[in-house]
Ligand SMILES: Nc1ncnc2c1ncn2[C@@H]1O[C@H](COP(=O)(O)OP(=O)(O)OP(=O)(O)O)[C@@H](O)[C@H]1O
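The chain that follows stands alone, in the form predicted alone, written as structure tokens.
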Amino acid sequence: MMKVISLVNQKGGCGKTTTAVNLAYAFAKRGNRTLLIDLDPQAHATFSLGITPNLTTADLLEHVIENRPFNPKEFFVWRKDDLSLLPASIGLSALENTINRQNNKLEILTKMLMNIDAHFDYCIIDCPPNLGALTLNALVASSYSVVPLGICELSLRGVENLNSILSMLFEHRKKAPYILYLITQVDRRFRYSENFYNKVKEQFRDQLLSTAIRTNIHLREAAAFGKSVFEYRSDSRGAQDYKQLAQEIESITQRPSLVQLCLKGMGHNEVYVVGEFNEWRKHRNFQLKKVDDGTWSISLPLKRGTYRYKFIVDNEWINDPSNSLQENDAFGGKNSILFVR
């Protein structure tokens, strides 16, 4: 299955588009079939790769909204053997209003990606610098989100809002992307850079990527010439950093995903989860912990795939009432279905 990674930050100028473009190119250089989606109406990623598009992300999303058949390959711009771009245009601004009027307004992009999943190993989404409908669609579709943080206190201000949005997504959908924080624009010559890095490390701990992107004029020059830094100056610090970043993120995305399951209900004594991931056996390793008086929770390390499962509540087998994805079981009941990307 394709791994979907969104680049998100409400603040502009933090290296979001630079990271989207060069991370996608670095993935492709490592032999991964990679799709870069420009979801920003400003189309900076499209510009940064020197592309003047005919068909854009807005056109493809319109096909999805109107349930018109489409061939995804007609919309892709093939940048190199393993890298394709779905370019953007200002038309995405108008489309955002259309998306907000749809009943499934948060799942438009997910529906689109389902039609192209088999073509790629990675999908990188460059989001607009806000938490509007386009960004929310990207968060819903993503397994991981990378939040670039420039060496600036202002780059941290949007993190609290992002966390609130992610909490709401999990509350209503029982799914949210795993957040990774990336420090950009690091200049080790200045003490402020080092102090800021240490502060962020203390705040985000294991969610902070060990790779940091150093200041490098070749990153800006490459974008101005419509190239990735690998095409412009493959021996530069910028190319070295993004090569290392791709290696680190690839390693992270190959680990089993941590999937959180919750059950709400008062008066339970013990709750277990059983399913295809543990051969339907009740075991203490799969016992949910009581979070508060009405909530039980567990985090499961699961490889990508589709799993059927149930809860055992005080020896009674039930499906997950918060999961609408269900199918009939062999005993006249229902199994809940879990997709792990």
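We number the residues from 1 along the sequence you see. Worth saying up front: this structure is predicted, and the values here are computed from it rather than measured.
There is also a form predicted in complex with this ligand; it is not shown, and the following applies to it.
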### Message
Check Ser297 for me: does it contact this ligand in the model of the complex (non-hydrogen atoms, 4.5 angstroms)?
### Response
no
### Message
When the contact criterion is heavy atoms within 4.5 Å, does His44 count as touching this ligand in the model of the complex?
### Response
yes
### Query
Given that the partner is absent here, does Arg214 sit within 4.5 Å of this ligand in the model of the complex, heavy atoms only?
yes
### Task
Although this ligand is absent from this view, report whether Pro177 comes within 4.5 Å of it in the model of the complex, heavy atoms only.
no
### Task
Given that the partner is absent here, state which listed stretch (266-274, 74-82, 219-227, 113-121) has heavy atoms within 4.5 Å of this ligand in the model of the complex.
219-227
### Message
Can you pick out, from Ser89, Gln185, Thr253, Ser145, the residue that has a heavy atom within 4.5 Å of this ligand in the model of the complex?
### Response
Gln185
### Query
What residues of 3-22, in sequence order, lie within 4.5 Å of this ligand in the model of the complex by heavy atom?
Lys11, Gly12, Gly13, Cys14, Gly15, Lys16, Thr17, Thr18
